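Here's a solo chain for you in C-alpha cells, the form predicted alone.
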Amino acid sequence: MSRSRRLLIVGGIALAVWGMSYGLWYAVFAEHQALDNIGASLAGSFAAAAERNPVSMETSLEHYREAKYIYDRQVDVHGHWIGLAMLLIVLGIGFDRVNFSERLKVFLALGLLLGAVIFPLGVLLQTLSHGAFPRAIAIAGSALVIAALLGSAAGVVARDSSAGAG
C-alpha cells in the first residue's frame, strides 16, 4: 500500500474515532446541559413576553441565541470530523488512480488530513470566541481541503505519462 493511501485511510479512521469520541463525550457530559439552557432561556423569553417585560425578554432571547449558537457549533464539529473522515477513507481507497508522483500524492493526502482536522477545530474555537481568528482557522482548513481535493481531481484526470510512453 502506498504511503499516501495509508495516510488517508489510517488518518481517516483515526479522525472518525476522534469525531465519534468527541460526539460521545458531548452527548454524555455536555449536551443535556446545553439543551436545558436553550429551553430555559426560550421559556424565560416567552414568560417575559407574557408579562410584557421587553428588557427581560431581550435578555432571555440573547441567552437563547448564544446557547443555540454554541450547541449548533458543537454538533457541527462532531459531524464534520466524522464526515471528513469518511471522505478521507473513500479517497484513500481509490487514491492510486491519482496520476502524480508519490511525493505529490503524499503532499495532497497530508493537505486533506490537515484540512479535515483544522476546519472543524476552527468551528469549535468559535464557541469560545466569535472573533475573526477562529473563523480564519475554519476558512483556512476548508480551503486546504478544497485545494487538496482539486489537486487530487486534477491527478485523476491527468494523463498517465507512463501509459502514453509505451
Partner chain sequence: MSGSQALTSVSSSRERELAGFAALGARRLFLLGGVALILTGMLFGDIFAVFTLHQNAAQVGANLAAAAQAALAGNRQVVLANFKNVGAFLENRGTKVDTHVHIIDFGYLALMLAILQPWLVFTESVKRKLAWLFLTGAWLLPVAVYLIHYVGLARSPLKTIGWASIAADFGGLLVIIVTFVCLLGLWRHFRGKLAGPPDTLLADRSTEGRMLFAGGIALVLLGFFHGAYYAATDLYRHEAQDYSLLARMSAGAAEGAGTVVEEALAGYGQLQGTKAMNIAAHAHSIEFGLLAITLAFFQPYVRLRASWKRLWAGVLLLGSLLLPLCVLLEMRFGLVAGGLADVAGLLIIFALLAMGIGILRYTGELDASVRPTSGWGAPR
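Remember, it's a predicted structure, so these values are computed and weren't measured experimentally. Numbering follows the first chain given and starts at 1.
Just so you know, the form predicted in complex with its partner chain exists too; it's not on screen, but the next bit is about it.
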Worksheet item: Taking heavy atoms only, is residue 65 within 4.5 angstroms of its partner chain in the predicted complex?
Response: yes
Item to complete: Verify the contact flag for residue 133: yes if a non-hydrogen atom of it lies within 4.5 Å of a non-hydrogen atom of its partner chain in the predicted complex, no if not.
Response: no
Worksheet item: Can you check whether residue 104 is within 4.5 Å of its partner chain in the predicted complex, heavy atom basis?
Response: no
Worksheet item: Just to confirm, residue 121 within 4.5 Å of its partner chain in the predicted complex by heavy atoms?
Response: no
Response to the item:
In sequence order, the residues of 71-106 that place a heavy atom within 4.5 Å of its partner chain in the predicted complex are 72, 73, 78, 80, 83, 84, 86, 87, 89, 90, 91, 93, 94, 96, 97
